[in-house]
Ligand SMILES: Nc1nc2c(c(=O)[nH]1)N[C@H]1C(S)=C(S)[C@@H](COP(=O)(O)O)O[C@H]1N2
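What follows is a single chain, given as structure tokens, in the form predicted alone.
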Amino acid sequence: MKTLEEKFISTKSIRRSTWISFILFGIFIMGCIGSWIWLKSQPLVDGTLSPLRKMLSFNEFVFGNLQGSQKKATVYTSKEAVTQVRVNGDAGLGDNFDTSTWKLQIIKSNLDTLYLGIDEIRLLPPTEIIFDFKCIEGWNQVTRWRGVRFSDFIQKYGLLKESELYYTGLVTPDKEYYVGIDRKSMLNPQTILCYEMNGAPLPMNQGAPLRLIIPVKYGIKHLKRIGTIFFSNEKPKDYWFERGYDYYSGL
């Protein structure tokens, strides 16, 4: 049985511990508020606060160097693919687009421009990819696509010199949507210039007549309705990077 002195010491100890806890909690809260005020006072860099942009750039450096061109997304069977494919945004898909007049423009390193129609692209060996398409909005679907490997396309049309540059830029015909993608990801064997979805030509809201499918990236990099392709050692403009997202956007 505890003595009165032991009870007194125990009560005093509890009170002291309680006050210390309140003080430490108060310091923690003040630190959080101070950090938030400091963060909000930092300048914007490429659409996001400077400290956050530095962290995103660091992540890009780490993952961009760790992941090789042979990294592959998990593949599925056609039975696992959905029949109703969601559309992850419509930027760059202007109204009244005439697919019959469309030509893909490839700007070469000597500034010459190569123009190709969809029938010419279809002459290359086809490749099908069924993978789990992931959107930054938080949803994912197993989807089925068919087209030509970008690496085969490079070989066919003599673009090896261009493909040695670190980035590939892709832009929609109306120039409203644009992405920049690192060389390793573009030359990945799963990356395709896609003209079919679920065994049929691409619908308009999925980027007809030609779109990019790049399974090692989030959906924001899968540019719909490719108008122009070019190559550069400098980062091309990127639609969502300018709005505060990660440039690499890899999985």
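Start at 1 and count along the sequence shown; that's the residue number. Please read all numbers here as calculations on a predicted model, not as lab measurements.
Keep in mind the form predicted in complex with this ligand is missing from the figure; the text below concerns it.
Participant: Identify, from the list 80, 164, 90, 120, the residue with a heavy atom within 4.5 Å of this ligand in the predicted complex.
Facilitator: After the contact test, the surviving option is 90.
Participant: Heavy atoms, 4.5 Å, this ligand in the predicted complex: which of 71-79, 130-138, 153-161, 110-118 makes the cut? Say which one.
Facilitator: Of the stretches listed, the one contacting the partner is 130-138.
Participant: In the predicted complex, does residue 220 have a heavy atom within 4.5 Å of this ligand?
Facilitator: Result yes; residue 220 sits at the interface with this ligand in the predicted complex.
Participant: Residue 185 near this ligand in the predicted complex, any heavy atom under 4.5 Å?
Facilitator: Close contact is absent here: in the predicted complex, residue 185 is far from this ligand, nothing within 4.5 Å, heavy atoms only.
Participant: Flag residue 191 as yes or no: does it have a non-hydrogen atom within 4.5 angstroms of any non-hydrogen atom of this ligand in the predicted complex?
Facilitator: No - in the predicted complex, heavy atoms of residue 191 and this ligand never come within 4.5 Å of each other.
Participant: Could you confirm whether residue 172 comes within 4.5 Å of this ligand in the predicted complex, counting heavy atoms only?
Facilitator: Yes.
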